[in-house]
Every structure is written in structure tokens, then in C-alpha cells.
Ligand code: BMX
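Have a look below at one chain only, the form predicted on its own, in C-alpha cells format.
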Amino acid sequence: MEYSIGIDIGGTKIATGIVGQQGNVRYKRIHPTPNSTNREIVDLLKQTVSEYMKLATEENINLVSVGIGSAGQIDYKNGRILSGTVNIKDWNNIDIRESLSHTTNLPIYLDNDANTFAIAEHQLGSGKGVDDLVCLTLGTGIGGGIVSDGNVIRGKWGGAAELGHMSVNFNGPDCNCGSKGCIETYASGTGIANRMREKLNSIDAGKRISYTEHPDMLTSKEVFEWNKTGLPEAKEVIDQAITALSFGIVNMIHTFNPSLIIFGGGLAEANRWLIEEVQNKVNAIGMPSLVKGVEMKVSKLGYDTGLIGAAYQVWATSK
């Protein structure tokens, strides 16, 4: 069996592993994402690749590639990080392929982490056998990947499908992309926490303290917990997130005409009930001929989807 080294680079952690062509993860490690310089991350990648190559030699594992998925805007053709994300410090203008070429003679693939998520789901997960689908990763931010007629849509150099930065309100909150009212500002973990802070700042101080003494430490997890208890302010924030996500998905369905929407990421995994809420709202507000029959599912591969998709690039590309 052929194997590939997979590397999934996120804002808080970097998952690495040796992954087989059937999606089986033979070895796996989790590293905290270095937060000082990009050189630290590149050095970690070099060390990881070297260690896995040595392990593969010792255990007679047939390695055929190194596949990397990373947050940020990726020059897919040339293997470069063009511009990163606020969650990863100094993650801009880095030639990953060139840096790792001194460590391995294996072919090196680099893509946006939402695209690698889409590759994994299309080839092995909830989208297996479906050639027109949209993938959304709901976490700290919102990533997007699109498969049309069996192919990942990347655009001119790899920057397509920034679906989390589709605006649903031009008078909405400022987004770190420079626009306003992006889906991410309402329905990502960061967006939900920010909208809840605004609610807390507008209510009586005594009541606010009874919810949290440190609103700056608030996360979406608390907001979802408060929503369960019936806290009106939390319910407003979650309802707003569902509405923003639903209108955004209607736009995606009207644009790409998929047959399936797949959700991944920590926020979706922890709150699967959201998907049914979004499905019902999309069916109510979308063009009937387009939204009818569009299924919505949570990732079948779970938390390893990004790692598997990163490693799988070599096989997806060769088909």
C-alpha cells in the first residue's frame, strides 16, 4: 500500500501523520502551533518530515508524497503561502515547497486547509460518490471548499472559495478580511463570541458579572451553553448565526448548484443540531428548484479530515 505524510496546519495546533491511500492514519502527532516566527513552523515541518521518512525506512512503509493543508491564501501551483491568517503569526510569503525540498525528495503538495477537507470528504467521506458539493469548516473562522464536476475549484492561483468571507450584511460588523458583515463575523466561533460580548456590554453591569466576570475570555462554547439554558441574549446571538449561515448557504447553492453541503470543524462537530436548523431555514428562503434536494451532512471523517485530505492530495491529483 502507498502512504503519504500529511500535515494539517491550524491556528492552535499542527496535526501530522502517515496516511494510507484508504484514509487510514498509521501514525499521528499533534503539535502546538509555534507563535513566534514562521521559521519555527518551517523548522517543525522539516523535523517532522525527516522523522517520518526515517520511520518509514525502518518499517518498510512506501511513502509517495508529502501533503500539506494550511490556513491562509495559498498559491497552489507554486507551493507558497501568500498571505496567512491572524491566528498564525508571521504566516506570509513563505515558499513551503522550496523549504522542504532540502529535507525530502518526495513530491510536495500544498493547498488551503478547507480544500484539503473537501478532498478528503469527496474521496473518502460523506461526499464519496458525489461530484458537486460545498464544504464548510466551522471553527475559529469559517473555511470553504467547492467540488464541481469532481474537481476542486481553486481559481487562478488557489484563492477561490473563501466562503466564510461572503458578506450577508453590508452594514454588518467589520471583518478581518477588510469587508463587513461576512458570514464569519456571525457564525464562526470568534464571531459568536464577539456578538455575545456586544450583548453583554449593552446590559446591566450586575447582570453581566453574573454571567461572566471576564467577558474578554468568553468563547462560543459558553454562548452555546447559555443558549441551552434559555438566556435571551445568547439565543439572539445563536439565532443570528443560524440566519447568517443560512443566507450564505443559499447564496452558495444559487451559485454552485451542489447536491450536498458538508460541515466540519469543532463548532459543527459539537453542535450537530445546528445543521437541521440551517437546513430548514435554507429550504424556506432559497429558490425552490435549487435548494430542493440539497442534503446537509456533518463530516464522516471527523477531526482527522484535514490531516487525511492533506495527505491524499497526491492520489486526488493523479485521478
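In case it trips you up, residue 1 is the first one in the sequence shown, and so on. Here the structure is a predicted model, which means the values were calculated and not measured.
Heads up, the form predicted in complex with the named molecule isn't pictured, but that's what we're talking about next.
Novice: Since the partner isn't included here, can you check whether the named molecule sits close to all of N87, G139 and H165 in the predicted complex (heavy atom within 4.5 Å for each)?
Specialist: Yes, the whole trio is in contact, each within 4.5 Å by some heavy atom.
Novice: Is there a heavy atom of S101 no more than 4.5 Å from a heavy atom of the named molecule in the predicted complex?
Specialist: S101 lies outside the contact set for the named molecule.
Novice: Flag I192 as yes or no: does it have a non-hydrogen atom within 4.5 angstroms of any non-hydrogen atom of the named molecule in the predicted complex?
Specialist: Taking the distances in the predicted complex, the answer for I192 is no, it never comes within 4.5 Å of the named molecule.
Novice: Against the named molecule in the predicted complex, would G143 count as a contact residue? Criterion: heavy atoms within 4.5 Å.
Specialist: Flag for G143 set to yes.
Novice: Against the named molecule in the predicted complex, would Q73 count as a contact residue? Criterion: heavy atoms within 4.5 Å.
Specialist: Output for Q73 is yes: heavy atoms within 4.5 Å of the named molecule.
Novice: Where, among 233-241, 107-115, 122-130, 194-202, do residues come within 4.5 Å of the named molecule in the predicted complex by heavy atom distance?
Specialist: Looking at the partner contacts, the answer comes out as 107-115.
Novice: Though the partner is not shown here, which residues of 38-70 have a heavy atom within 4.5 Å of the named molecule in the predicted complex?
Specialist: Heavy-atom contacts to the named molecule in the predicted complex: nothing from 38-70.
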